[in-house]
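Just the one chain here, the form predicted on its own, laid out as structure tokens.
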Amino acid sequence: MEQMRLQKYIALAGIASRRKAEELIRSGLVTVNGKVVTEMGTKVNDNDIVEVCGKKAKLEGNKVYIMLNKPKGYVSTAKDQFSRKTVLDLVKGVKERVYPVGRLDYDTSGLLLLTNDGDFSYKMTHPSHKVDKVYIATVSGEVGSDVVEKFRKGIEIDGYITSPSQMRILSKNKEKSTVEITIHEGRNRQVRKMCEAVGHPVLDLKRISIGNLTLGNLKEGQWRYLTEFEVKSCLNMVNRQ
């Protein structure tokens, strides 16, 4: 193996996305040959022993890509400090160590990808690649065209203005509305915060697509492997950005 940057090695080993790997390195949680390394430019090869949080990192030979229809009541992490159920509890029988590509909130259902391919995860989640994520939201109150326009321009949440997004009204009455929301950012609880900011708190939220991947007839709680065509299609999409 040629030398590669430490964060890429950790990502390819299926431990974390490249962005998360950089956080682990900065936090002093990564060692190379027994020594703590905090510099991003560090390079490693097959002869180096890389450990993350005390566990040895090893490159996975077989890359896997999974689509899960996540139910509510599961956290999108490998482990949870409160002992709640995680999405890994739903993908029994997968030999490779996989982790979620991005996140879905505990109370949000729908499409979630899991993989052990750090490069794939990085490309699908990094904001610069602008991968669309589409949600169906049931919100409180009657949504008007003014709200649609606010989403189009960007909404202030947590001290910043979101990137322009799309909202399409599917149905509405005085009590609640059902809307389709498309964003390409992936900030924490972003859709919920945007809806809250315009006075229409989310009652129910489901993600139905990421890029050109859709749930199709995959039932809640079920999962399947992505086809080779789907993986290549995702990579081609982000490489064109």
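We number the residues from 1 along the sequence you see. Fair warning: this is a prediction, and the values are worked out from it, not measured in the lab.
In what follows, reference is made to the form predicted in complex with ligand URA, a form of this protein that is not presented.
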Candidate spot Lys8, Ala21 and Ala57, all three touching ligand URA in the predicted bound form (heavy atom, 4.5 Å): no
Listed range touching ligand URA, judged in the predicted bound form by heavy atoms within 4.5 Å, from 89 to 97, 102 to 110, 165 to 173, 151 to 159: 102 to 110
Ligand URA contact in the predicted bound form: Tyr74, any heavy atom under 4.5 Å: no
Non-hydrogen atom contact Arg192 with ligand URA in the predicted bound form at 4.5 angstroms: yes
Contact label in the predicted bound form: Leu205 to ligand URA, heavy atom within 4.5 Å: yes
Contacts with ligand URA in the predicted bound form - residues in 122 to 156 whose heavy atoms fall within 4.5 Å: Tyr135
